[in-house]
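One chain comes next, on its own, written as structure tokens: the form predicted alone.
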Amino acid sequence: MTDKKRIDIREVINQGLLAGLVALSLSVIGFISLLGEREMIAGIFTMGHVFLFAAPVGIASVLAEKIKHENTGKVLGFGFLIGVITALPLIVLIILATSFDIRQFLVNVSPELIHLLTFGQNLVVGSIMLVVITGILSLLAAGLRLLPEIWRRPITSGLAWTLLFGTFSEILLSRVRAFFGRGVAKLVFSGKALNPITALLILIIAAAIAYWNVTKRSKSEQKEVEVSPEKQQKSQRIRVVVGIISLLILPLLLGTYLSEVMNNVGIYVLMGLGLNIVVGFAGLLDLGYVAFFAIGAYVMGILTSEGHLGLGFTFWTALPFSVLASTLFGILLGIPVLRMRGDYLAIVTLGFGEIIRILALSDMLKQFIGGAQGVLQIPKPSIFGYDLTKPEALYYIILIGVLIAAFVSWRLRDSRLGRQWMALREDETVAEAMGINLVNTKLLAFATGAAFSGLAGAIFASKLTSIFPHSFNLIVSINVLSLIIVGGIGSLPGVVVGALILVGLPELLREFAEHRLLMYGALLIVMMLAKPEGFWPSETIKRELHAHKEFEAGSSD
């Protein structure tokens, strides 16, 4: 028993030092001081404070989840100890910065950073406040794990929504000002930050909604009420109608900038739905997916460009050719790689993507596709003579494409072909032994995925009105594959969630300049540790992953 306690304390010390090193690193590179200029709740705390305390709070919460079955005092004590240990490296930094001139070595250790770490107090008082506040926040995070779900979920939901509104308060300020005027904006916001009263209202409302949902679910579980299929269908139809109406009015609420962000997200959703068929359904790792995106864009540019070959096609007449060309190239890629799988398939498709990019960049096809100068003067889509030049108007074209791709993917997933893809993903040899034609199944996967990518490329070309070879680098394929993994492989809603996180979020964080990619990377690391199956995984993948974990845990026992 004594040995177990000593090991536990050692682990707590290690976890506290880890949290301290994370906070110290963020401080030294200038991340905390940069975000310290951005208030989330006026006069109370900044975004710098959120990231300063994020590591100890998160680690204390995770550790408390592991030992919550033990003594309550032990859980709370360990949580407080993690916070105290986290503050120690920061106190050392404060002492060094106030005693010596260390900015010649650590240029980002500025007076503003020390002011933030000490809460505007002197060395002694500020250090004590840092230890106490960090310890209390970690203790509360650990204590939150001990609460029953009926209380824990509302508190967590309220805090999460408050932080979310505070993070994007500047964007929300512009929308509130546009709809309700400056007077209402001044009541809700103080400068660019949330008013404390507004933040409290958001916290209460979000917590009340979460509490209502938890109590409603618990009552239905206690009564064991079985909802009839008719009521389920009716409820599903209502949700679909509400969702469609929300999507239709979204550009009116978002404005020009946010509509442009949503357009970028929509194009990646289109590509993600296509790659999800290849990777998520059929299990074929394709790293050259950007090639089909490029083919669709270049076919659209060549056929519609007013200053290139002058073929005189409109967006609508050129669109089928763009999709058809991408589909044909998808089949051509599939033919030579029919017997390949895993890493070999990934390398071959990677080479295919690079071949397409180099051909687009070379002088050999310059007279047709412009070479390094690209294709210019591509017209915007038009409907009944009205050019869709604004992002709010182009949004609907992308939305229609996404809905069509999502509907086709949904129908294919539950079809006979979809089941063949999934059998192929599990084991090609067994699938072939069961009578599945591997040639047709693989070619249909490549062709369908390429068609969606070509559609995205065609819209992308018309959206930008000019395309260049450097727009079709390998990073595009990596991003599309990443959003599928983050959202959940094989999941249609997961593609949308992944695109929002990996494409939309970095755009919204542009105000943080070069550090936005650090936030982006940290989010991915946390996500992969907390939810390796993705934010919205398919039931099949989720079941397989957790069954594999349970098997490993059982075998280790």
Partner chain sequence: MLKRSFIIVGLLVIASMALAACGGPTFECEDPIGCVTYGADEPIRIASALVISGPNTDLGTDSQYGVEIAIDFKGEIMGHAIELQAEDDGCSAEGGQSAGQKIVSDPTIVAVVGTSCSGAGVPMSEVVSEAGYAMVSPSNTSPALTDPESAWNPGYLRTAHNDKVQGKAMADFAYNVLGVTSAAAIHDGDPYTEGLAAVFAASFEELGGTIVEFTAVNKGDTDMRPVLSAVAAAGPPELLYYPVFTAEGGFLTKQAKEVSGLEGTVLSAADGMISDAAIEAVGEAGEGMYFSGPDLSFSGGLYEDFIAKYEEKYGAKPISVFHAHAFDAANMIFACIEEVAMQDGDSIHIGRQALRTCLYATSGFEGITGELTCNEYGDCADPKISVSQLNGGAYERIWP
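Positions refer to the first chain, counted from 1. For clarity, a rigid core is taken as the largest C-alpha set superposing within 1.5 Å between two forms. Remember, predicted model here, so these are calculated numbers, not experimental data.
The discussion below concerns the form predicted in complex with its partner chain, not included here.
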| query | Using 4.5 Å between non-hydrogen atoms, is residue 363 touching its partner chain in the predicted bound form? | reply | yes
| said: in the predicted bound form, is there a heavy atom of its partner chain that lies within 4.5 Å of any heavy atom of residue 69, even though the partner is absent here? | reply: no
| said: With the partner left out here, check for me: in the predicted bound form, does some heavy atom of residue 74 sit within 4.5 Å of its partner chain? | reply: no
| request: Flag residue 373 as yes or no: does it have a non-hydrogen atom within 4.5 angstroms of any non-hydrogen atom of its partner chain in the predicted bound form? | output: yes
| Can all three of 51, 61 and 234 be found with a heavy atom no more than 4.5 Å from its partner chain in the predicted bound form? | no
| Using a 4.5 Å cut on heavy atoms, which of 329, 281, 460, 315 is close to its partner chain in the predicted bound form? | 460
| message | Considering non-hydrogen atoms and a 4.5 Å limit, which listed residue (121, 98, 110, 213) is close to its partner chain in the predicted bound form? | response | 213
| query | Counting only non-hydrogen atoms, which stretch in 88 to 96, 137 to 145, 256 to 264, 449 to 457 is within 4.5 Å of its partner chain in the predicted bound form? | reply | 256 to 264
| message | Need the contact residues for 459 to 475: heavy atom within 4.5 Å of its partner chain in the predicted bound form, sequence order, or none if there are none. | response | 460, 463, 464, 465, 466, 468, 470, 471
| request: Inspect the rigid-core superposition and answer whether the C-alpha of residue 191 shifts by 2 angstroms or more between this form and the one not shown. | output: yes
| field | Core-superposed comparison between this form and the one not shown, residue 403 Cα displacement 2 Å or beyond | value | no
| query | After superposition on the rigid core, does the Cα atom of residue 475 shift by at least 2 Å between this form and the one not shown? | reply | no
